[in-house]
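Only one chain comes next, encoded as structure tokens, the form predicted alone.
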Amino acid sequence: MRLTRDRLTAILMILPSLVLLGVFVYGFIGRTAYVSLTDWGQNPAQALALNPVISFIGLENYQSLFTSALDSRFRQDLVNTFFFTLFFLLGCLAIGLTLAILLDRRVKGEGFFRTVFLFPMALAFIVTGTIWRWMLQPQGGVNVLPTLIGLPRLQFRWLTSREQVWQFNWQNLPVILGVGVGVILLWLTVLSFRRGRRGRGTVMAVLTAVAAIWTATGARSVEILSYPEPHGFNLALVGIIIAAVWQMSGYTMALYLAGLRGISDDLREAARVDGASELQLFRHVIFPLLGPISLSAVIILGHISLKIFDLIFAMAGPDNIRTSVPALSMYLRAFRANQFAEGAAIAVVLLLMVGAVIIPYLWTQLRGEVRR
């Protein structure tokens, strides 16, 4: 490739940004990954020393997070993140799609309603959390709404409930993961064969069989903990999920509304002329065309939910174990307890979780651009 004057100018223009990005993003990520492999913070006398004496201990911090009796909070954090992400995504997609379908019918005052539904997205999560914390107080707010129509007041403790449902034993985690991976591989197998990709389908079928065999045999012999440790969905998260859905459902509404407006009327009329009912029109025409928008919404909302911090901090505080998530535990360990290595290990786990959501999306987008 020839280095022309214009090309050299372009390189010089973006070079400062590349250097800053390399140092302050990827350099710090590398530094955090290295710190997670040390014992920095285990000795309180060395934690804040000017030149702390730290030792390389490998993956001990990660092993402790998933198997130590002292780190049960982190494991509950992961469970909280799973349920928060699941219900946050379902709520935002369902409400956003419903609002978009209603507005797509050219209702009177559409601009007003669109602004009202989008307005919560303009607020910071810390503001949303403060507002909803007031509304979910046990002695007022939402709990007294039924009294307006003569019904008794609600007694639900939105942010402090200790009730837990859908419990499972952490010892069974290998089996649960094996079943989950097997279901995903089976789905990919069926999808590959339906699309006529027999080679890929055969590979997926073999992997599905391997996952099933390992789940039935090897997974049961993996001993993570020597004692039962139940985890489940804390009902104290319900109020936080409602607040998060309230804030971000307007965003999904805007995405779906743009997608619906991009579907031509000719296509809809052609489907109706062919005898499709309104339900069949949505099922076979509109919903498949909205698939890429749904995927984008899932990716964006998914990475927001995985690294959620400020909303929970404002609503329930950092010390409420029932509503804690990995980002809160990382903050407490690194910046309150000065256990920098353990905090860095949680940060790396969080980065891997976000990467697992973002990287497939970026890979798909890049492949699409190359094909174009």
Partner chain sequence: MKRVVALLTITFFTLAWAQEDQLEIFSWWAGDEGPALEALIDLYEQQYPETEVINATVTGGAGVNARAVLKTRMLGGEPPDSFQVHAGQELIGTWVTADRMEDITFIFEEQGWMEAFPQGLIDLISTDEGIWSVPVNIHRSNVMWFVPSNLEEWGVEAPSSWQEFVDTTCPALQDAGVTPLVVGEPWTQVHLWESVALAELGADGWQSLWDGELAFDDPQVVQTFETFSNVMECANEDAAGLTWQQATDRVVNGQAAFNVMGDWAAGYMTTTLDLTPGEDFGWAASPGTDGTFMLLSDSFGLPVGAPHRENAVEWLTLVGSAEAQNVFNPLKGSISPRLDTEASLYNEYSQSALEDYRNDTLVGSLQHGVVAPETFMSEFPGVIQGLAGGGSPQAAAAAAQELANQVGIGD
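Keep in mind that this is a model prediction, so the values were computed, not measured. Numbering follows the first chain given and starts at 1.
This next part talks about the form predicted in complex with its partner chain, which is not shown.
In the predicted bound form, which of the stretches 107 to 115, 285 to 293, 178 to 186, 136 to 144 has residues with heavy atoms within 4.5 Å of its partner chain?
Contact-bearing stretch, as computed: 136 to 144.
Closest heavy atom of Ile321 to its partner chain in the predicted bound form, within 4.5 Å or not?
Answer yes; at least one heavy atom of Ile321 falls within 4.5 Å of its partner chain in the predicted bound form.
May I ask you to check whether Ala69 falls inside a 4.5 Å heavy atom distance of its partner chain in the predicted bound form?
Yes, Ala69 sits close enough to its partner chain in the predicted bound form that at least one of its heavy atoms falls within 4.5 Å.
Wondering, does Phe335 line up within 4.5 Å of its partner chain in the predicted bound form on heavy atoms?
It does: once its partner chain is placed as it appears in the predicted bound form, Phe335 has a heavy atom within 4.5 Å of it.
Taking its partner chain as it sits in the predicted bound form, is Val53 near enough to touch it, meaning that at least one heavy atom pair lies within 4.5 angstroms?
Val53: no contact with its partner chain in the predicted bound form.
In the predicted bound form, residues of 45 to 62 near its partner chain [heavy atom within 4.5 Å]:
The stretch touches the partner through Ala45, Leu48, Ala49, Leu50.
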